[in-house]
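What follows is one chain in structure tokens, specifically the form predicted alone.
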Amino acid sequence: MARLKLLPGGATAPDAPGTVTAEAEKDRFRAFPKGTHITVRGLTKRFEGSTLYDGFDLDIPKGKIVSVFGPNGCGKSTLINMISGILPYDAGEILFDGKDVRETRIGYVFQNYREAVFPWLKAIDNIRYPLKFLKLSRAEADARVDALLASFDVKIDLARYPYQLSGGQQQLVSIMRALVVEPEVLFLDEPFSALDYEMTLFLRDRLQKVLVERKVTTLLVSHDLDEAVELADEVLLLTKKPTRVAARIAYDAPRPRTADTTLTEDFIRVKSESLEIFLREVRK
């Protein structure tokens, strides 16, 4: 039987001439389902003799927002750090449309905005910074920044330095810096956990608008279940370590979603189901 090779875009081709059997065709879709953007197979990670992930498999759909939620210590941030290429893993394979992470445009927003922004650069220069690594003309770079500022409806003085901005404003700068490269995949590691509630609501609203408009595949780690459900197309619930997928719960409420969304019957249903699974895993 011809051995199949994964190609960009999810296509496959045999390494050598031969006929692809029906069985091999089924295996292909089991390995790389249609509509998948991120494919994780056999992911293994150990810390000081403790196994966190062992042969972990995951498929993330293209253009969707997936929230990652689970017990403390299950490795939520570790998971997105491995997928994004920040953290090495011991075994397994991670592909983006069949490509390596080094061939994929990645955006990442960290929890600690104070360490994420560059204090010696003005806010606007922080946002522009990643564009210096892309082959863009000055006009193209300016157009990208202007379009992003318009999408977020920014009303802060971007000529200021980070220390002259509030925490929420600094995180807004960090988010826009991650998006200005027009990433294929965006990773958000508890991006609102250090912010006040008013700013959190503002950033949730602006961020989901931009992500939906641009159809960016997004992985959001959150410790706030309301937030995890409200922003997501799907809630990915994890078990205690060694970590597995406990459940995947779809949430297709219309957008834009606001604080009022959290009062709807469908939201309460998804949150309740997620909470039940989470508590079951915590008590094991």
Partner chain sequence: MSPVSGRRRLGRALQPLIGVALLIGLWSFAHATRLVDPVLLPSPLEAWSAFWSGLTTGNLWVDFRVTIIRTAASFAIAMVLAVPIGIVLGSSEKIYRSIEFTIDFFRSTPASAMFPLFLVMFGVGERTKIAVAAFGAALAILFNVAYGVMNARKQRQLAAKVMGASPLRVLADVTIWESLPQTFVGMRTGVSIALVIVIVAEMFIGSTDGLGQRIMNAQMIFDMPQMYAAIFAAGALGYALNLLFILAERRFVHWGGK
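It should be emphasised that the depicted structure is a prediction, and the values quoted were computed from it without experimental measurement. Residue numbers count along the first chain shown, from 1.
Below, we turn to the form predicted together with the partner chain, even though it does not appear here.
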>> So the partner chain isn't shown here. In the predicted complex, which residue out of Q169, S84, Q208, T78 has a non-hydrogen atom within 4.5 Å of it?
In response: S84
> Does the partner chain come within 4.5 Å of any heavy atom of N112 in the predicted complex?
Replying inline: yes
> Would L158 count as touching the partner chain in the predicted complex under a 4.5 Å heavy atom rule?
Replying inline: no
> According to a 4.5 angstroms non-hydrogen atom cut-off, is F118 in contact with the partner chain in the predicted complex?
Replying inline: yes
> For K132, is any heavy atom within 4.5 Å of the partner chain in the predicted complex, or not?
Replying inline: yes
> Mind checking whether each of I106, Y163 and R177 has a heavy atom within 4.5 Å of the partner chain in the predicted complex?
Replying inline: yes
> Only one of 141-149, 124-132, 67-75, 92-100 gets a heavy atom within 4.5 Å of the partner chain in the predicted complex; which is it?
Replying inline: 124-132
